[in-house]
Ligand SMILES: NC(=O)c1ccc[n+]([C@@H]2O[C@H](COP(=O)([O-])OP(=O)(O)OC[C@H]3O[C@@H](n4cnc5c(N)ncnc54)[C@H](OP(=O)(O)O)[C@@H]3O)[C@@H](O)[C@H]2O)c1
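Only one chain comes next, encoded as structure tokens, the form predicted alone.
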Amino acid sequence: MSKFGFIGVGNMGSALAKAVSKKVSAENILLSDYSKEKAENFAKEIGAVAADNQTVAKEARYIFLGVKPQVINSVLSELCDTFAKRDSRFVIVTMAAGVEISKIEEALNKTYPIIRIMPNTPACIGEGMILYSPNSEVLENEKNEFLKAMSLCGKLLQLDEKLINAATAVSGCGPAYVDLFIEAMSDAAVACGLPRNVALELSAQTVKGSAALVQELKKSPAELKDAVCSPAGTTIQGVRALEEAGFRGAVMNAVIAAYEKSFKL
């Protein structure tokens, strides 16, 4: 069985490793982090093997780079020689926001099989949206093995790499926007007299159910919104207040701002 190695077990790295651990045997999962203690503690939690970057680079078939864009070049420079000395095939899986596959190849001074991914935080509960784009060096069987191992993270969608930044501005950053909305709805409900726990439960379930309805019925959000807005009713007045505050424009600006920032990382 192939080994899966994770260099960096922060929020996203650990979420993906935990999901993969449900499909891959524990002894075939290697975990490394700049904090050795962090890697060791997480390895105990999921039954994996704590290692260092060089061991992951030497032994893993799939090497996940869960490091920030600002430090990925320094990490790659440390692994460059190790990769070059390997006889067996391996696939680099990078999740550094805004870092194109060509930049990874440039840093390593060689072309390797590389899959660029962009997951989001719901992956930790199996409800993630994982975007991925393999380069031409990735074989079909390697892509299939990768997809099988990642299947419990949530939905996986292959995109042309040129679309990754735009999609990331929606699904990668989107949980933060949705969390803000849920928080605002909850605060308003508390202001109207509801207990905090009830307000949060109502807000979170309403967002979850509304999203599921869009997916299940395959109708446009506009059509579903209109179905709730009865003539002279309460909902249309709430929608009017959101429009007056520039709600849709603010959301669009947030996505576009995140997209533009991705090119500056």
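The first residue of the sequence shown is number 1, and the count goes up from there. On a predicted model such as this, the values are computed, not experimentally measured, just so you know.
Below: the form predicted in complex with this ligand, not depicted.
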{"item": "All of A17, A60 and M150 within 4.5 Å of this ligand in the predicted complex, heavy atom check", "value": "no"}
{"item": "Proximity to this ligand in the predicted complex (heavy atom, within 4.5 Å), stretch among 202-210, 42-50, 64-72, 235-243", "value": "64-72"}
{"item": "Residue (of T121, N135, S186, N165) lying close to this ligand in the predicted complex, criterion heavy atoms within 4.5 Å", "value": "T121"}
{"item": "This ligand: the contacting residue among Q54, S220, S35, S230 in the predicted complex [heavy atom, 4.5 Å]", "value": "S35"}
{"item": "Contact of I115 with this ligand in the predicted complex (heavy atom, 4.5 Å)", "value": "no"}
{"item": "Heavy atom of M95 within 4.5 Å of this ligand in the predicted complex", "value": "yes"}
{"item": "This ligand contact in the predicted complex: N11, any heavy atom under 4.5 Å", "value": "yes"}
{"item": "Contact flag, E127 vs this ligand in the predicted complex, heavy atom cut 4.5 Å", "value": "no"}
{"item": "In the predicted complex, residues of 233-265 near this ligand [heavy atom within 4.5 Å]", "value": "none"}
